[in-house]
Ligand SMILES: Nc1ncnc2c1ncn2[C@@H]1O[C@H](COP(=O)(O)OP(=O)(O)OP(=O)(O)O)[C@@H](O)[C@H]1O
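The chain below stands alone and is given in structure tokens; this is the form predicted on its own.
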Amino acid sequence: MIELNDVSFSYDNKMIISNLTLSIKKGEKIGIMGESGCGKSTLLKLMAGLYRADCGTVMVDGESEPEKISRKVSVVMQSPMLLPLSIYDNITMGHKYNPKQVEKVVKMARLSSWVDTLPDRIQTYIGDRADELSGGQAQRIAIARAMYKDSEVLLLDEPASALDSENSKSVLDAIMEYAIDKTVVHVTHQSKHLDGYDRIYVLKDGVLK
């Protein structure tokens, strides 16, 4: 499902990823740990088609061009980008409207109790000041968005970093329930978030160990 062959990536003349090779089969759950700034998020963005490797190849579900890879994956970044639209539009992002699926992902992302308190509920307009939402609310919207896209590959960058311990466990359990038959790559610095994963790597000095 995901193949990285001899991939390198640098930023400002600093090598971030160095000759990295990784093969991930369909349905595998892969955890990647490492210190802050080690390149975990960069590696995830390469898999998401958000960055192009300096050399080597990144292939996801048979696609190697970044713009085509991005259509094949669902991504939850640590600092999600929300648009000045309704919560509904931030979740569906132009994909075909399926009311039952919207309701399902809102529940799975643990958004229901908050959304039900809003004046227009799921149609509540976030506006130009989406940063006024709590970090947890923004992350849950991003998680619901990734679930709604329903790609075969789910890429997670610290998806529960803005949640307290109880809520993070609840949301991560929901993600794994949703992604039971999907390919998952989860980067985090907390090993407890990777319980039950098939393989766990440590990224250090640009390589996986």
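When you see a residue number, it is the position in the sequence shown, counting from 1. Everything numeric here is computed off the predicted structure, so don't read it as measured data.
Note that the form predicted in complex with the ligand isn't included here; everything after this is about it.
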| property | result |
| --- | --- |
| Among 139-147, 176-184, 28-36, 64-72, the region lying within 4.5 Å of the ligand in the predicted complex by heavy atom distance | 28-36 |
| Contact test in the predicted complex: T42 vs the ligand, heavy atoms, 4.5 Å | yes |
| Residue contact check: L20 to the ligand in the predicted complex, 4.5 Å heavy atom | no |
| Close approach of H189 to the ligand in the predicted complex, 4.5 Å, heavy atom | yes |
| Proximity of Q78 to the ligand in the predicted complex, heavy atoms at 4.5 Å | yes |
| Non-hydrogen atom within 4.5 Å of the ligand in the predicted complex for each of I87, W114 and Y125 | no |
| In the predicted complex, residues of 1-28 near the ligand [heavy atom within 4.5 Å] | Y11, K14, I16 |
